[in-house]
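Okay, so we've got the same protein chain twice, two forms, each given alone as structure tokens, structure 1 and structure 2.
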Structure 1
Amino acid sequence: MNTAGLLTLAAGAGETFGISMLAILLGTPLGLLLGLVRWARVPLADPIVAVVVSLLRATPSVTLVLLVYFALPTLGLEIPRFAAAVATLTLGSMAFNCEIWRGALLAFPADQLDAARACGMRRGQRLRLIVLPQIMRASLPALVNEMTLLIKVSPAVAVIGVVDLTRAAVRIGAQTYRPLPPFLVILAVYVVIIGGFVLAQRMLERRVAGAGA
């Protein structure tokens, strides 16, 4: 593998990083929104969200990215590869994050809400000042874990031709007829990125456990 190959890999790493970060930044708050809809039992929206989340959680990212990229144009919605990749990963992580947020919301002690209500706090205030700060801390380890899962399924976007880290390696392998060296290089890159997240998650878990004790 030469310098050009390394540059290709670096560009691919940037693509993987960009897509994953955007999907995390979009998917986490969207998951919270859906979690709140289910928690508050919003009529009509609640069952719809429940079905969509269940469906998305069962859908492989490869299939979903093909669906988003090839099917949306038939509905008259032409979207570029990059956007399709971000949308796919966002949808998947949104569904898993919804369950994480919902779990934290369901575990939230009701007496605190009653107390807040007794103090005359309105719904928005209760949510913003009482509920959110606490469930954020409770959900953080699970959310970080979901981020590592997102990065692990991110190579799925390569099937629609996005040149992410994995596809960049495939490309170099095809050019040089030696597929293993580029794969081993990106293996190290993924292990560093995902390993970093895993370590962060372990630290967070320890800190949350420490705070709870």
Structure 2
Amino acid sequence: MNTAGLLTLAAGAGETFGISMLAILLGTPLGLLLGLVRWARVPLADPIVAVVVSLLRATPSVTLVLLVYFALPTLGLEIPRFAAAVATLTLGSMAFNCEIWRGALLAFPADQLDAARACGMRRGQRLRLIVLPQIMRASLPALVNEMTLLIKVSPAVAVIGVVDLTRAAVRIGAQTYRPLPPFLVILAVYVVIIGGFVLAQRMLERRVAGAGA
């Protein structure tokens, strides 16, 4: 593969990584917020969140990105391709992360909350000092798994013209009539990116285990 092809793949890798990281950085805390709403059974908000999350989880990424990119302009909201891609992956990440956080919250020992109340701790203190540190540790493997899945579905954004890593490889293969080399390269790139997330997870788990010892 020539230098131009490698530069094209590098640009595609940067696009994929940028979109995916923004979606992760936005989707993870938003999912936590929705998970807290469902855990606390906030009136009116809880059933709305449940319906929205269920719909987002059931919608394929390709369909969702097409809806975001083509439906919003009909409502008077023009959105660039990059922003549409980030919004789509963020919505999907948010929905799946909501259920991860909610599951951890539902499994949280109620006796610890009762003890904190007996000690006079306010709700915000209980959440910040007792609940969140523990559910973050418990949710870490599932959250990392969701992050890796998000990266794997990121090629869906290519349907609206975003030149991500996979689309760049397809273009190079079509131009050179040699599709195998660029796809071997992007396979290696995905392995490195996802391996980095898994390595970070293991390092965090070891650090947490060491802190708790």
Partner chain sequence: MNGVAVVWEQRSLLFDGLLNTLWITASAMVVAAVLGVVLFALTLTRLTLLRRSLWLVIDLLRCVPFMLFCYLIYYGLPSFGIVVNNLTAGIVALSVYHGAYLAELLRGIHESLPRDAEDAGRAFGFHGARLVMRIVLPPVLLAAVPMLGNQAVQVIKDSAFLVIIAVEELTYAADEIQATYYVPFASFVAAVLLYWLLCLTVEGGVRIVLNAAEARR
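What we label the rigid core is the largest C-alpha set whose atoms superpose within 1.5 Å from one form to the other. Each residue is numbered by where it sits in the sequence of structure 1, with counting from 1. Fair warning: this is a prediction, and the values are worked out from it, not measured in the lab.
K.L.:
Between the two structures, is it 1 or 2 that corresponds to the form predicted alone?
P.N.:
The chain shown second - structure 2 - is the form that fits the description.
K.L.:
Comparing between the two structures on the rigid core: C-alpha of Leu22 shifted by 2 Å or more?
P.N.:
It does not, since the Leu22 C-alpha is displaced less than 2 Å between the two structures after the core fit.
K.L.:
Once you overlay the rigid core, does the Cα of Ala11 travel 2 Å or further between the two structures?
P.N.:
No; that C-alpha moves by less than 2 Å between the two structures.
K.L.:
Could the core-superposed CA displacement of Val198 between the two structures be given in angstrom, to one decimal?
P.N.:
Core-aligned C-alpha shift comes out at 4.4 Å.
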